[in-house]
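Let's start with one chain on its own, the form predicted on its own, as structure tokens.
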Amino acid sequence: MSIVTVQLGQCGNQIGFEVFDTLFSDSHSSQGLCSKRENEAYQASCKERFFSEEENGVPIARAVLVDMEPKVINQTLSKAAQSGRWKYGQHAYFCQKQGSGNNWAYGYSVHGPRHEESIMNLIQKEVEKCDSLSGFFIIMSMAGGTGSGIGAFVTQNLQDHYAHSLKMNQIIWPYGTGEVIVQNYNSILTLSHLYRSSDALLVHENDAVHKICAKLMNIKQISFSDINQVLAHQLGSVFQPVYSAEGSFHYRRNPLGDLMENLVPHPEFKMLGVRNIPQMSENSLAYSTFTWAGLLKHLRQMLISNAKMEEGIDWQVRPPISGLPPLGKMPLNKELHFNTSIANLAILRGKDVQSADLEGFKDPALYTSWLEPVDAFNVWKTQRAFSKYEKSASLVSNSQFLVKPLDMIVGKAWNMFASKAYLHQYTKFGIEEEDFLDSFTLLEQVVASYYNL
């Protein structure tokens, strides 16, 4: 089954390019550590998901590119074409001459309705090229105007037009220090609208990815391109093909459906995060060896201590012993708070993958009381290595990892709202105070639901 990717705004288009490039490079890599037949099946499965029939032998990404300024789309189209390995469809993009000025309301209320027909027609054409549609993968940021405003508008439209297809939004969480003065407004409006129309929100925090670039990849001058490559690596490690069941050698047919089934058991909880291990620069990779036991021990502690990378993990955090209050101060001090999960999915790729022991992830103390570990934890495997790593593991989690950042963004937005700062920029495009209040109510409920797991 195929996934149609919708790339929105500068951020969505730049990340989208890196994602397709990573998927293509990996599926055509000679370092897959598996038989030729297995490699061909992996390639075919990746192609069915993300690329359509070749024009003159060059695969075409199953994607629609949307931005309100032409510059980034032109760069993205030509970068893909110049690679000579894959490209975007020549009519699969929509752009205008004037951006959204970092104003969510302008993207959502002006650009969205004005260009709805053109954008939805492009998406429909892309859907018609799929023999079977798994769903939509929508890449966007939430701080600006185009990605966030039009992203929320398009997702809502997809919900109306394709009610039975799954929608996963990949959202870039803004830097805490802020790029845009109104980013907290844009963020709460984006999140609250997506919570109503999307099936899952896969969140990447800019601050966390920045740290990975600095500490694990040893990059001195970090560019957006570096950040996007780390994101693309994490997304690729989740979306590339894996076997459908223990001992089976058939690749899963419905990637989005399988992800949702394993990770989103209740519509109140749809925030997903990704961790993966190892991540390092190519130079370091040459001198490193890994065991499954070591990788999984680190990955489990990253999960329970809510660490985004394997460096600087807090090893003091332990699962609570059932029936006893957590050690240390009572819950008022949530600093050392254990990160409770609703559901986890481990994806293991590479050598000796069948020997990996995942018992540590089946501990009931890791999960909320209303799901048994047998339902809350799943594992997917393939012998085929990903990227340049002989062994690699990814963990997609539905957990409390966003309680603090979400609470902070809601709090900052509320402080601005209470003093009516910048509100006129939104009301003049039809977003009323009532809309803001609805967003606050919905997101405060989300924070409370996750907090009380």
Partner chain sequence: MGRRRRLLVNPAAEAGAGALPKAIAALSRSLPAGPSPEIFRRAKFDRPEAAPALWQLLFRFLSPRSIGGASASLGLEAQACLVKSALRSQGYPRQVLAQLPEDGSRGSRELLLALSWLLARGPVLERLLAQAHVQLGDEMPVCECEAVASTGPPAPHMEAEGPVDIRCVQWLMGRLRFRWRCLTASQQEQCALLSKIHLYTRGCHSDQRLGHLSVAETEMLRDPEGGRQLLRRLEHENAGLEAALQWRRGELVFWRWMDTVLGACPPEAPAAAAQPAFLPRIPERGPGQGELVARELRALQEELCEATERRRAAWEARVGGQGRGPQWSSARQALQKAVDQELAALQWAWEQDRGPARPHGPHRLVRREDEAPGGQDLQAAEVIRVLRSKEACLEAVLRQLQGQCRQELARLAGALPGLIWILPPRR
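Numbering follows the first chain given and starts at 1. This is a predicted model, so every value here is computed, not measured.
Only in words, not in the display: the form predicted in complex with the partner chain, which the text now covers.
Although the partner is absent from this view, H266 contacts the partner chain in the predicted bound form, with a non-hydrogen atom inside 4.5 angstroms. Residue contact with the partner chain in the predicted bound form: Q156 places a heavy atom within 4.5 Å of it. Residue contact check for R253: one or more of its heavy atoms lie within 4.5 Å of the partner chain in the predicted bound form. For D160, a non-hydrogen atom is located within 4.5 Å of the partner chain in the predicted bound form, even though that partner is not displayed.
Looking at the partner chain in the predicted bound form, residues D21, Y93 and S281 place no heavy atom within 4.5 Å of it.
Of the stretches 352-360, 127-135, 80-88, 294-302, only 127-135 has residues with a heavy atom within 4.5 Å of the partner chain in the predicted bound form. Put simply, of I342, L201, L345, A232 only one has a heavy atom within 4.5 Å of the partner chain in the predicted bound form, and it is I342. Taking E261, E116, E311, D314 one by one, only a single residue has any non-hydrogen atom within 4.5 Å of the partner chain in the predicted bound form, and it is E261. Residues of 1-26 placing a heavy atom within 4.5 Å of the partner chain in the predicted bound form: M1 alone.
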